[in-house]
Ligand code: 5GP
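Form predicted alone, single chain, as C-alpha cells, below.
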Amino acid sequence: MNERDAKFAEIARVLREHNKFAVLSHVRPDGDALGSTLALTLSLKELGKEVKAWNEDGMLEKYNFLAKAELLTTPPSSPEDFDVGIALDTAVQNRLGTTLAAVRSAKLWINIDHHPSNPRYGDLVYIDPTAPATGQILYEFLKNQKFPITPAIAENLYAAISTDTGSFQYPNTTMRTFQIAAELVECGVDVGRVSQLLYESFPRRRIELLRELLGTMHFACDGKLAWFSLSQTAAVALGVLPEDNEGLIDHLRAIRGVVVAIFFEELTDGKVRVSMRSKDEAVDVCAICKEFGGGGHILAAGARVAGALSEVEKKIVEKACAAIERNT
C-alpha cells in the first residue's frame, strides 16, 4: 500500500468508526469549498452518519443550484459537540471563521486540502498540492475507499473541480482530472446544465461591477502587471455581494503580456482583501502573499492586509513588480 492509500485508509477508518461529524470550509467560499463540503456530507449521510455542513457565509446564491445545497448552512450561535471535525479546502485553520467556534468539542480533526501553504493543522492530515482541487482529492478518496458516490455527490464534485481548474483550463489540470470528470459524467452529471449554471447565469449586478472595476484598471512593469480595485463606496453603491467578485480577476489575467493580475477589495474592517494570479510559475504569488499573512498556490493566492486601500495597493504593487523584474 502506497503512502496515499495508507492515509486514505486511516481517514476512512475514522469516518466509519464515528457517527457525528461537522464538515467545514473556508470563509468567502468558492465552488471547490462548497462542492467538496456537500459531496463529503452526502457520502457520510449515505453511510447513516449524522452530519452538519457549515460555512460562515452559508450557501452562496450563485451555487444554490447544487444538489442538496440546502444542507449547507451558516453555523448556529450555540456550539455543538462532535466526534470528528473536518476542514476542507482551508489553507489555515482561522479561515474556517465562525464555524470553528461552533464546534465546541471534537475528538479528532481531519484536514484535507490542496494548498501548499497549509501548515498541516489537525490530527489526520492529507494535503496534495499537486491536486487542482480539493474536490479531486475527495473523489480519489471516496473511490479508493469505496464510499458512496451518488449522482448528487458527483454533481458537487464536478462543480468543485470545474471551478477550481477554471473550467479545466488552468495549468494544474492533468490527464487524471479529465479522467475523473469523465467518471463523474458516468455517475450522472449533466455537463451542459451544470456548466450553464456555473458560467452563464450571472446576475446583472456582477457585470455592472466588472464595468466599475475596469474603470480602475492600471498597468505597470511594461504591461506585465495589471490590477484593479473595489472601494467600499463603490460596492455599496452597486449593491454587489462578495460572491460577485469571484472570477473577475481572470479578465486581467487574460490580457496578452500580463504575467501577474491583482484584485484589491476594500473591506469593512479596515483591511483590504488581495487576490493575486500569475501566469508564470517563476513569479510565485503565494510567496508574495505569505509576506502579508496570506497564502495559497504559486499561481493563485491571496491575503487580507490591514491599511487604507491606496496604501495596500502601493505596497503590494511594489512587491509584485520586484518579483516580476527579478524572475522574468
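Numbers follow the displayed sequence, beginning with 1. Nothing here was measured: the structure is a model prediction, and the numbers come from that model.
Unshown form predicted in complex with ligand 5GP; subsequent notes refer to it.
A.B. asks: Using a 4.5 Å heavy atom cut-off, which residue among Leu66, Val260, Leu44, Ala301 comes into contact with ligand 5GP in the model of the complex?
C.D. replies: Only one listed residue qualifies here, and that residue is Ala301.
A.B. asks: I'd like to know whether Val92 contacts ligand 5GP in the model of the complex, with contact meaning heavy atoms within 4.5 angstroms.
C.D. replies: The answer is yes: Val92 has a heavy atom within 4.5 Å of ligand 5GP.
A.B. asks: Do Ser275 and ligand 5GP share at least one heavy atom pair within 4.5 Å in the model of the complex?
C.D. replies: Yes - in the model of the complex, heavy atoms of Ser275 and ligand 5GP come within 4.5 Å of each other.
A.B. asks: Do Gly31 and ligand 5GP come within 4.5 Å of each other in the model of the complex, heavy atoms counted?
C.D. replies: Answer no; every heavy atom of Gly31 is more than 4.5 Å from ligand 5GP in the model of the complex.
A.B. asks: Tell me which stretch of 53 to 61, 288 to 296, 66 to 74, 35 to 43 has a heavy atom within 4.5 angstroms of ligand 5GP in the model of the complex.
C.D. replies: Every other range fails; the passing one is 288 to 296.
A.B. asks: What residues of 112 to 133, in sequence order, lie within 4.5 Å of ligand 5GP in the model of the complex by heavy atom?
C.D. replies: Only His115 sits within 4.5 Å of the partner.
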